[in-house]
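Take a look at this single chain in structure tokens; it is the form predicted alone.
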């Protein structure tokens, strides 16, 4: 389901509230994931239950490689005795890197550090594909991307389609005034 609107209308606030950012508090209503209220759950518990947020401005994390982050995020959602093997992880990683037309060098770089806008967005979609959440919120996933990068991002999101996955896509919508000369 897409949500569109100009800057300042609360799209990112909505996504961060759903994800559980402590700066925002729900004063009415509830938020359910698979029939369970998540309103009192901290962010990490919401993520373990299958909620994913691709942020408008992903943070840079020095000292943690993309590969380390991805494997830790996958294993955080699995029981201790069912951690993903290195072999399986690398096979899935290679398949998803190819789908997104990303270099394997990306896995050795620190998380989002020095990434251009398109690299950050592709990296968020790589995280989506690897973590396999039940529901993803993609906040302004179109921001700063050219048409080719948008196609890759859409390809990644579309590859997740199925009965066990849903997404909310938040798009930047600028009002454009057209004039005839």
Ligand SMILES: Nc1ncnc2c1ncn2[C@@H]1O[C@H](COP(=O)(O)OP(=O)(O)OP(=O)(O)O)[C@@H](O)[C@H]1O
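Residue numbers count along the first chain shown, from 1. Bear in mind the structure is a predicted one, so any value in this text is a computation, not a measurement.
The following text describes the form predicted in complex with this ligand, which does not appear among the structures shown.
**Q** Since only the chain is shown here, I'm wondering whether residue 10 would be in contact with this ligand in the model of the complex (any heavy atom pair within 4.5 Å).
**A** Yes, contact at 4.5 Å.
**Q** Report whether the minimum heavy atom distance between residue 124 and this ligand in the model of the complex is within 4.5 Å.
**A** No - in the model of the complex, heavy atoms of residue 124 and this ligand never come within 4.5 Å of each other.
**Q** Would you check, heavy atoms only and a 4.5 Å threshold, whether residue 6 touches this ligand in the model of the complex?
**A** Output for residue 6 is yes: heavy atoms within 4.5 Å of this ligand.
**Q** Is residue 56 close enough to touch this ligand in the model of the complex, meaning at least one heavy atom pair within 4.5 Å?
**A** Yes, contact at 4.5 Å.
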